[in-house]
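This document opens with one chain alone, in structure tokens, the form predicted alone.
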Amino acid sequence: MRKLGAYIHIPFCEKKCNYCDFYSSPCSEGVRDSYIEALCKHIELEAPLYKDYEFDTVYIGGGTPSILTPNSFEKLGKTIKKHLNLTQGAEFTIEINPGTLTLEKLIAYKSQGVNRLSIGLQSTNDQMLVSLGRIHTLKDFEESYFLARECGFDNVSLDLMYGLPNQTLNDLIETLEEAISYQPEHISAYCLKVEENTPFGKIEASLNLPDEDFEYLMYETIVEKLRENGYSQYEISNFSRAGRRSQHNLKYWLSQEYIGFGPSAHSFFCGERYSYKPSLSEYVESLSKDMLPVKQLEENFEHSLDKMDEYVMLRFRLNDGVNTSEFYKEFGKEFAKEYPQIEQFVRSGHVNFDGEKYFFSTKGFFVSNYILTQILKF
């Protein structure tokens, strides 16, 4: 059977972080219950569309999914298992914010088949966490992390951030070394991007942010430090132990199909990319009437590309880059002839070519967006 991934959005946060522009809102008991009811109804109503598919990944993101009570999560989990045809051993991930986790929640996750946790650590420096607007401390993280290990979770990913206001290289190295000491199976490291409509965006001019050269030094340090400690880079910002890559996120980068549930969730199915309006009230209202939410076709930069350009852009996010034989098999054309500008970046050392694959070097990954604007044909 053909394979699908499911992304399920939980749009609730106790407090929105200073850098975050994802769709989320405060959570009250009544709002939470009505949303879970709507989400389960959405899954139930759409499930017949996917009767010929198997779901081999489920990813519950947010927001803060770990804000859900055990009962709410169990209701959602039972709906997923009842209506979506999960493969044996499907990768089932939930995002965790330290300070919101309890033993009862972990037991609920286990009971519903969750086998991977993604924990938002961001930094091991408590002052940095305060500046980011995070609600947890390093101690909160450690309590959550070790509790998860005691409950038998053996596939844990940590999210880290760099390029933070006032962050020094030593700050970053300390965070990396402490994160590695916990021995997670996977680490993601993202550079802070200041978005316009966020608390940071409103005071960007006053933030002491690193310049591009220092950001690159930080990125290079992350790549080298993680490589030295057994973490293989497989995507611009993602590193894993052997066999622990995020199978769900790979679907995005390999142009594989996935279905989104919830306001602001995105999907790629039957050649169509679409999302749902980021409105909790409209989403709940539609489904309370047994009506599916209205799909919005994607119109952003990524999805305005033609299939060939999209293929190249997504493949270059991965450490493996573009395999020229696979490219020819997919499109019947030679990659180097279609994208001749790639050679200038091979000469500059931003792109490597091993005779079969073109792939970014570390410095190429860092400026990948610029390189792609130069080589793509849009």
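From 1 onward, residues are counted along the sequence shown. Because the structure is predicted, anything quoted here is derived from the model rather than measured.
Heads up, the form predicted in complex with a small molecule isn't pictured, but that's what we're talking about next.
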{"property": "Proximity to the small molecule in the model of the complex, single hit among L117, M161, I187, I222 (heavy atom within 4.5 Å)", "result": "M161"}
{"property": "Non-hydrogen atom contact F366 with the small molecule in the model of the complex at 4.5 angstroms", "result": "no"}
{"property": "Contact test in the model of the complex: F22 vs the small molecule, heavy atoms, 4.5 Å", "result": "yes"}
{"property": "4.5 Å heavy atom contact, H248 and the small molecule in the model of the complex", "result": "no"}
{"property": "In the model of the complex, I96 touching the small molecule (heavy atom, 4.5 Å)", "result": "yes"}
{"property": "Contact segment among 249-257, 168-176, 74-82, 88-96, judged by heavy atoms lying within 4.5 Å of the small molecule in the model of the complex", "result": "88-96"}
